[in-house]
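So this first bit is one chain, no partners, the form predicted on its own, shown in structure tokens.
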């Protein structure tokens, strides 16, 4: 295919497409320092604050954006850091959704085909097979089948819901990286420079005494510690529990800092909001409905797990002899 036949603007929006790889291959470029620097800048932006849409709408900008993505993936494949990999997958998928929201259904179908997702459209509503939907449905209660119309093996979605599903499909793919043997000195230098620029609190090991936590809370903390993307309701439940247990904002921030999409200001705002509203801890029944319950503790509410275990109510103010529990 002639390079002039590629739609560079479209490919710069979705550089993970197979067509974008064909374009990069067609350039027959040597991997030099200038291309790796493009990848480094993309990683710096994605890690720090998320990726922003292209500002200069010209062929050179589109080309550089595609090359920057390709180079960033090469650097990531040599960077054994799950947190960074997942953070960039989220940054890339969120940027893609920004563009997806403005696409017509024909272009959305082109992108969906990349993930073997097919759908039909009737009166601006999307009908997608339930298997494809369940594979990429967001971990959000509003996307559970209980709240999504289902008929004859098809779920009915709005265009906005479809773009959210595609965002998840993109994120899931980008979290997987094939090992690459090419590890030049320049790539190692970039990895070292980027590693030194990441605030240490994001990668330090969490040391927390969780022996009295219920299984559901232990799992949420373990997931965050491993940089696994926890659902919105999982994060809310964890924040409420930790606040009730007497944790400070700083201690809670420490735990949430391992999330791939962690943002200090956003997290602090949400913690303060939950603390101000003084929300009650979700009941075990609610935790179960949200897919967060993983054991039959018979305590009716995670906050009562310690009373069940130690014969006192953990929802009350933390007692003096219990100080170690909240440190």
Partner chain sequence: MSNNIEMPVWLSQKFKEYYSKNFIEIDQIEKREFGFGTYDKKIEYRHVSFSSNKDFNTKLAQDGPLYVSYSAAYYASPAARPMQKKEWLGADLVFDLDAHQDSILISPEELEKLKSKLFLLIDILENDFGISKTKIKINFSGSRGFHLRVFDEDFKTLGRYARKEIVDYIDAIGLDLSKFFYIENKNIVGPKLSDWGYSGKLASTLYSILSDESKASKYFGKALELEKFKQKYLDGLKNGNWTFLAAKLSKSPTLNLSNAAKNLIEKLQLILEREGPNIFSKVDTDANVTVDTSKLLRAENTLHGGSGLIAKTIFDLAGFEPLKDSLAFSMKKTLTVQVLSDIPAYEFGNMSFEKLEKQKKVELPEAYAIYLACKKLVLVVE
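Quick caveat: nothing in here was measured; it's all calculated off a predicted structure. Numbering follows the first chain given and starts at 1.
The protein also exists as the form predicted in complex with its partner chain; that form is not presented, and the subsequent description refers to it.
Heavy atom within 4.5 Å of its partner chain in the predicted complex - the one residue of 180, 198, 134, 125 that qualifies
If I apply the 4.5 Å criterion carefully, the residue I get is 134.
The single option of 193, 160, 114, 140 touching its partner chain in the predicted complex, heavy atom within 4.5 Å:
Partner contact (heavy atom, 4.5 Å) among the options: 140.
So which stretch, 61-69, 24-32, 281-289, 48-56, is the one near its partner chain in the predicted complex (non-hydrogen atoms, 4.5 Å)?
In the other structure, the partner sits against 281-289.
Evaluate residue 156 for contact with its partner chain in the predicted complex, applying a 4.5 angstroms cut-off between non-hydrogen atoms, and reply yes or no.
Result yes; residue 156 sits at the interface with its partner chain in the predicted complex.
Residue 152: touches its partner chain in the predicted complex, heavy atom cutoff 4.5 angstroms
Yes, residue 152 is a contact residue.
Contact flag, residue 145 vs its partner chain in the predicted complex, heavy atom cut 4.5 Å:
The answer is yes: residue 145 has a heavy atom within 4.5 Å of its partner chain.
Find out whether any non-hydrogen atom of residue 172 is located within 4.5 angstroms of its partner chain in the predicted complex, and reply yes or no.
Residue 172: no contact with its partner chain in the predicted complex.
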